[in-house]
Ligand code: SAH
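Only one chain is given next, in structure tokens, and it is the form predicted on its own.
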């Protein structure tokens, strides 16, 4: 389990969340049954709050997976805004296209196939929000490229930043994850101490960093 909180806390918090879209909830359950790395339910609720707070109409996402979070964010925007997302795994990319089509959101969600490090340089436009949920060792690169496309006062949300608690304590670090842990710690130090940003790290899901672009 990726969560860093005690299970009973997550269960209780999730019990407070109102499932407004039955089709989307069924999609979530299917993803969970397949153990796909989609956003935790409480993280989704927080993203919903942010989107409505800043009236986001244009969102850029790094890491589409099978399209759940893109579809979720598009529904939160009442299908009025635009989500631009990137996925490097061809199988997930093709599945995301099918899932987006099944929700009739082809006009609202644009999916790019390939490495986000290259693709982000070629995406035009400005965004009120970015959501990063991809290769953890490259979060700082993804963040900097997204930051260039953000409007002043925009929000960048980085998911899984505490990574099963490993980022917070060496006691939990698995040897094969040492490089990932080092990169993530460097990333969190960077976004927490750079004067251009205001960042808060929250123990939601597997850890969430919320960064305001001044």
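Quick caveat: nothing in here was measured; it's all calculated off a predicted structure. Numbering follows the first chain given and starts at 1.
The following text describes the form predicted together with ligand SAH, which does not appear among the structures shown.
Student: Identify, from the list 84, 96, 134, 77, the residue with a heavy atom within 4.5 Å of ligand SAH in the predicted complex.
Tutor: Filtering the options by heavy-atom distance leaves 134.
Student: Among 92, 103, 127, 143, which has any heavy atom within 4.5 Å of ligand SAH in the predicted complex?
Tutor: Selected residue: 92.
Student: How about residue 63: is it within 4.5 Å of ligand SAH in the predicted complex, going by heavy atoms?
Tutor: Yes.
Student: With the cut-off set at 4.5 Å between non-hydrogen atoms, does residue 110 touch ligand SAH in the predicted complex?
Tutor: The answer is no: residue 110 has no heavy atom within 4.5 Å of ligand SAH.
Student: Do residue 58 and ligand SAH share at least one heavy atom pair within 4.5 Å in the predicted complex?
Tutor: Although ligand SAH is absent here, residue 58 would stay clear of it in the predicted complex, with no heavy atoms inside 4.5 Å.
Student: Are any of the heavy atoms in residue 161 no more than 4.5 Å from a heavy atom of ligand SAH in the predicted complex?
Tutor: Taking the distances in the predicted complex, the answer for residue 161 is no, it never comes within 4.5 Å of ligand SAH.
Student: Can you check 166 to 174, 184 to 192, 145 to 153, 38 to 46 and let me know which stretch has heavy atoms within 4.5 Å of ligand SAH in the predicted complex?
Tutor: In short, 38 to 46.
Student: Considering only 100 to 115, what residues come within 4.5 Å of ligand SAH in the predicted complex, judged by heavy atoms?
Tutor: The stretch 100 to 115, when checked against ligand SAH in the predicted complex, contributes 114, 115 at the 4.5 Å heavy-atom cut-off.
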